[in-house]
Every structure is written in C-alpha cells, then in structure tokens.
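Heads up, the chain below is alone and in the form predicted alone; it's given as structure tokens.
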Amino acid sequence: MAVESQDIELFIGTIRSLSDYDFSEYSIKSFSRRLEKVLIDNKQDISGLVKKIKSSNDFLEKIVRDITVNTTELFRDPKAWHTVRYQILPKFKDYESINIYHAGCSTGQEVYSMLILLYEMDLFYKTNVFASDINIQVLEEAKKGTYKYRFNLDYLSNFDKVIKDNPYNTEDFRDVPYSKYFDINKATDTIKMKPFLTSKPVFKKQDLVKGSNVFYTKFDLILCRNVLIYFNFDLQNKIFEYFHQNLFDGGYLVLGMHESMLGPITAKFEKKGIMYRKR
C-alpha cells in the first residue's frame, strides 16, 4: 500500500496535534516504509488510520510503537562490542565513577549486554547506567528484562563471541556460564535477566527530537546504535550536537555499524570506526 507525501503529512500532523511526538524530521524514505507496513498490518487506509488514532489514545501509542523500529538483541553486532570491550571501557578503569547512556534503548537488550560486560570487566559497581526510549511500552519490557528464548537463539552465540571468546587472542577463552547472568526456561520459552542486572539501570522516556537531557548528568560513553538512520540529515546533526554537549571532554559516542557522522559536527569528534571521541 503505497503512501503519498500528503498521507505522511496528514499522519505526522495528526500525531503531533494529539501528543508530544514529532516525526516531522524523520527520513521520508524510511518513514514511508514504516507507515506502509502500519497501514497493511492494521488493514486501514490513511483516513481510516487517522480516524482510529483520534478516537483512542491507546491506539495512538500502539501506532507510535509500530512506527518506531524496536529491533534489538543481546550483544547485537559482536564486532561493535569488541570495540567497546577492548578500545573504550579499559580507558575508564581508573575512573572513580563512570556514566553510560543508551539512547533509543528499545526493549533493553543492549543495556543488559553492557551490564554483563561491565561485570566481567570489574566495572559494574562503579558505573551508572542510563537508558531512554520514546516509547513507554518498550521501556516497561526493558525494565522486566524477560525475552523470548527460541526467537532469540542468536543471543547465545553473540554472548559467546563477546564474553567467552577474545578475537585478538584465540587462546584466551573464558568459560562464563549463561546462568551467571540470566535464566533460560525452555518450557516457558523465556530468557530472564538476573535481578542484580534488572535493578541497576535507570530507564526514562525521552524523545531525542526534543533534545533535552532527562537524566541531568553528563556521560563518559553514549551508545546510539541503529536509531539515527531513521532521521533526516538536519535532525541527525541536531542530535549529534546534543550528544556532544552531554559528553564529558574525551568521552565516547558509539553509533551503529551502518551509521556515520557528516558535516561540520565532525570537527568536534575524533573518529575511529563506529567510535567517536569528543575533542
């Protein structure tokens, strides 16, 4: 079901008039695809969808969740985690405290990946971990730390690649049991994070478009992976500026494997792969 530019304008305008969500600076190409899928999944044309959104705030929230991409997994993109483990976190070992922020955390698997890694590196107890997302429902899922097992079997191989294996030294193998960090129940098809992990992070609702720091602190490391690809160039740079302002000097920003920084903002960071260090 192809959508026209006027359909997108009507949808965005309706959402903005009924809530504080603003999709006006999202990438038109990716937003069109998401809206088309929403229309198909809900068996509606744009006028029917708008009418239903106006009649129910719960439905509006559901559509916002559907239109924003919530794909994540434990230790997604192990190579990115190798960068975090071997190139970034060791620089913090002598810090008295560390602040780490996950922007656009979705259902929280990235947050728990970080917590597991911090524990393995003896940095867990001196680190404050913050995470935000635009959607309340996915944040509630993140707080619970319970996920489908069979749907996420890659979790275990990702865990092995990041926690057990050392890509720089094949003889350095750590036999870390999964049960140290989560419980697997095949009967109920669940992977459940241990309470000492779920009690650690601070989750808050945040719309990055608004550019306000809901945690009122600066950060040593910000991870914003596979989020900015859905924004247009101007909004991306607005958010990069926000990240720059809220990083400590010398702090690090980590983007997704297929994301990059362009334009004048690049002068404020030193780039190495997916890792950007605040100058």
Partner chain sequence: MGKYKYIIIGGSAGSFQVVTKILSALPKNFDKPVFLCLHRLKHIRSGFVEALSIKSTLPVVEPCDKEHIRPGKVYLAPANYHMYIELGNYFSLSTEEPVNHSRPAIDLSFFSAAYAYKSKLVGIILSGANRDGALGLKSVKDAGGYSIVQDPDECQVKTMTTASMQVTQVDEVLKTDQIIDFLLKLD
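In this text the structure is predicted, and so the values were computed from the model without any measurement. Residue numbers count along the first chain shown, from 1.
A second form of this protein, the form predicted together with the partner chain, is not displayed here; the remarks below concern that form.
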item: 4.5 Å heavy atom contact, R85 to the partner chain in the predicted bound form; value: no
item: Contact flag, K205 vs the partner chain in the predicted bound form, heavy atom cut 4.5 Å; value: no
item: M257, heavy atom within 4.5 angstroms of the partner chain in the predicted bound form; value: yes
item: Touches the partner chain in the predicted bound form: R76 (any heavy atom, 4.5 Å); value: yes
item: Heavy atom within 4.5 Å of the partner chain in the predicted bound form - residue from T188, T71, S97, T170; value: T71
item: In the predicted bound form, the one of R34, K52, K62, H244 near the partner chain [non-hydrogen atom within 4.5 angstroms]; value: R34
item: Candidate stretches 207-215, 53-61, 246-254, 224-232, one within 4.5 Å of the partner chain in the predicted bound form by heavy atom; value: 224-232
item: In the predicted bound form: members of 27-56 within 4.5 Å of the partner chain, any heavy atom; value: S27, I28, K29, S30, R33, R34, K37
